[in-house]
Every structure is written in structure tokens, then in C-alpha cells.
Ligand SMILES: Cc1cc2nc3c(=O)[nH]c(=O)nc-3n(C[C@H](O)[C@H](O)[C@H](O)COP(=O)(O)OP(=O)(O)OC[C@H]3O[C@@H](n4cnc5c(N)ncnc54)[C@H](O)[C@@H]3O)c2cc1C
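This document starts with one chain, in the form predicted alone, laid out as C-alpha cells.
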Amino acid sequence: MAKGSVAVVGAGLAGLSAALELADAGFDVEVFERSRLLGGKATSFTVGDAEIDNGQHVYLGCCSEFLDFVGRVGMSSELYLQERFEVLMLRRGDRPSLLRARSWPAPYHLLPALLGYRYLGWPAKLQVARGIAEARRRNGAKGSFADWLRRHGQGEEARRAFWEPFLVPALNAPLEDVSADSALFVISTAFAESPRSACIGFSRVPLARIAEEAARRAGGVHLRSAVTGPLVEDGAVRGVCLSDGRKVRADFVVLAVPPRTLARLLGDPARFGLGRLEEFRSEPIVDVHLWYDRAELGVDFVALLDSPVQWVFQKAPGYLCCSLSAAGELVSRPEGELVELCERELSAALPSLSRARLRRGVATRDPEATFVPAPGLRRPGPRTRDPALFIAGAWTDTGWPATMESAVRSGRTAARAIVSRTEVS
């Protein structure tokens, strides 16, 4: 006999991880997704004869919950992860510099890479080393990360050649806009936790395949099924209302949607103890996919300095994905301009690429890709004032920035809160 019924709204990683957790715990679960695709912000679609992800969603070795989620749906073999942290740093008109970690205990595994980093002079190298050491303490950091850098003697060279290339893409926002605490979490977790933590990985298959496997194990999944809000009777949540007029009853509801959508579905979020959702603001991400006529392009994981293109990954022979984070000034540009921009930036920083001919380029945009972890922003947990209503999403209080790891953690946390509530009752 089932422990109860749950309606999950949203088939992104947050909703699917919640559904999978609840199904494994013995609940009857139904997932409702308004679009035709599974995966939410980590999905895939077809462009011509190629299936591409709607963003370059990399993960790190420290993303334990995401790795476990992928393993539970039987897709671990489709993930690639570096054996050790290694990134080729590029700057226009200069020789490349390779950052490669050693097999030493953290954070000392990064010391040789930092000492050999040619884009930093010795004063800046010392500044970064001190900054990483200070970040491990994370003792009550206030204000923005830009403020923190100034207080801790991080100069312009250290900021441009180290902190910005790694922190702006990680948090998808300018350093003036993100809280010091959020940035220090990234630094301490990725760079100072273990040698494996900063290793970079990605899915060898389109992300939609992972979402599809999760959906198969998560109960009933209904695509093109828009929810208009919770079903409320006698002042309590009893299920969900669909746009076609149907009412689906459920013992519990999980709304795994972004803050703006959540506010619209609830009508009066404060009634459920979810005020101040309007304080969440988002930043866009642009990804440009490039296909060349050569299989080997001399690119694995590449970071570009002083460029709107922060990261470039070779996902398949001849196929590069360029990631442009905090892309507020670029998201509305025509696709042709974005493709030309990325090709130009890559050719200038990596002269060997000029011998390859671009066959095709495609741009994908997410105008509201992630929330900005601004100073003082309060992220809600999974519970609401209604004992049957729970929320999930990468933007909720997982402790992580808006990543696939945060999405999975949020879904699992909401599911475990439901399990806990049924055990108590």
C-alpha cells in the first residue's frame, strides 16, 4: 500500500529528483510539466541533425548529490570527469598557461599550478594563495564578493586573471552583485575540500537522456500539462489544478519551479509563508555551439581571459560549446553575431584554431538562467505554512549556487521533508 500520493509540478532536475526519492520511499507520484521536454533548464533539443543541450551544464567532482542521482538512474557511465583538475587559460596575444593540479592533499594540490600560472605576477600569486586560505575559514563574510576581495588585498591582476574566470561563471553574475558568502562557499568547496572537488565533468549524452531515465523511475509523468495553481479546499492544499480544468487530488504537492512562476501559481505567496519572492532576480546565460571541419581542435577545458566568452569545452570531435555567463548585454543579439563573436574570440586566443573551418554555429539563450545570490538574499527551505505544500528548485536554500547539484539537493530535501511528515503523523 502506498504511503500517500504526491503531485510534483515541474520536470526539471529538482522535480525529477523529488519524484524519484518519493517513488523509492513508497509514494504514488505524478509529475506535471507544462512543456514537451523533460529536464527543465538541463534539457536538450534538436537543431538540424544534432541534439544539443540548452546550456553547457558542467558539474564538478564535489557535486556528490548530482553524481548519486545520475547513478541511481543507471547513467553514471555516460558522465565524463577529469582525473585531476586541469584547465588551459588563454589570453589574446599571449601564450597559453596550463593550470594543472597535483595529487597532493587539498588545498596544496593547487599550489604548483598557481606558482606556474604565467598570467599572475608574484605579488598576485601570493594574494590568490592568501585568498584561498582565507576563504576556507568563511567566518561571517558580509557584503559582496568584490568588497571581500578589496578587504583582503586582492588586486586587479588577481581579480582579472583568477577570481573572475572562475567565480563569474560559477555564480553567473558580476562579482559586485554576488554575496561574499556564496563566493567563499564555491572557493572552499571546489578548491579547498579535496583534490577531486574541482575536477570538471560533463555528460557525454544529451542531458535529456538522464531526465528521461529519471522520469521512467519516478511514477507518472505528464508533459504539456500546465498547472495553474494548488487545489485549495477549506483553506488547505488538496492537490493541483490544471489549465484544462481538471483537478488532481494529492496528499502532498511539490512545486519545483522558479520564484517568479511560484509567485504566479500561489497568487498570494505570503499566505504560505513565502514572501519576498520578488527580491529574486536572474541573470541570462548564452551558449554558442560551433562545429568545425576538424576532429582535433586542441581544446579540452579552456578559459578565456578578458573576453565575453568565459569557458569553452570540446564535447565531441569537432564540436565546441562556448559559455557566456552574466550575458545581460549579449542575450538579445542575433544568432549570427553571437556565432561570429565566439569564432573571433577563439581564433584570437587560440591561433591553431584558425586552421579549422567553421561548418555551422548555433546559439542557445536562457534569459532567466539562474538567480543572483545577492548579499542579504534569503532563500526559503522546502516547507511552507501549509503542511501539504512543499517547494523545490536550485534557487531554494540548499547552500549551493544555482547548479544541477543545487537542483537535485532541493528535490531530495523536499521529498525527505514529506517522508518525515508522514512518519510523524
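Note that residue numbering follows the sequence shown and begins at 1. On a predicted model such as this, the values are computed, not experimentally measured, just so you know.
Although it is not shown, the form predicted in complex with the ligand is what the next lines describe.
Given that the ligand is not shown alongside this chain, does residue 44 nevertheless sit within 4.5 Å of it in the model of the complex, heavy atom to heavy atom?
No, no contact at 4.5 Å.
With the partner left out here, check for me: in the model of the complex, does some heavy atom of residue 314 sit within 4.5 Å of the ligand?
Answer no; every heavy atom of residue 314 is more than 4.5 Å from the ligand in the model of the complex.
Does residue 370 reach the ligand in the model of the complex if we count a contact as any heavy atom within 4.5 Å?
Output for residue 370 is yes: heavy atoms within 4.5 Å of the ligand.
Although the ligand is absent from this view, report whether residue 69 comes within 4.5 Å of it in the model of the complex, heavy atoms only.
No, residue 69 stays farther than 4.5 Å from the ligand in the model of the complex.
In terms of non-hydrogen atoms within 4.5 angstroms, which of the given stretches 390-398, 353-361, 44-52, 373-381 touches the ligand in the model of the complex?
One stretch meets the cut-off, namely 390-398.
Quick check: do 65, 221 and 254 each get a heavy atom within 4.5 Å of the ligand in the model of the complex?
Not one of the three qualifies.
At a 4.5 angstroms cut-off on non-hydrogen atoms, which residues of 5-25 are near the ligand in the model of the complex? List them in order.
9, 10, 11, 12, 13, 14, 15 sit within 4.5 Å of the partner.
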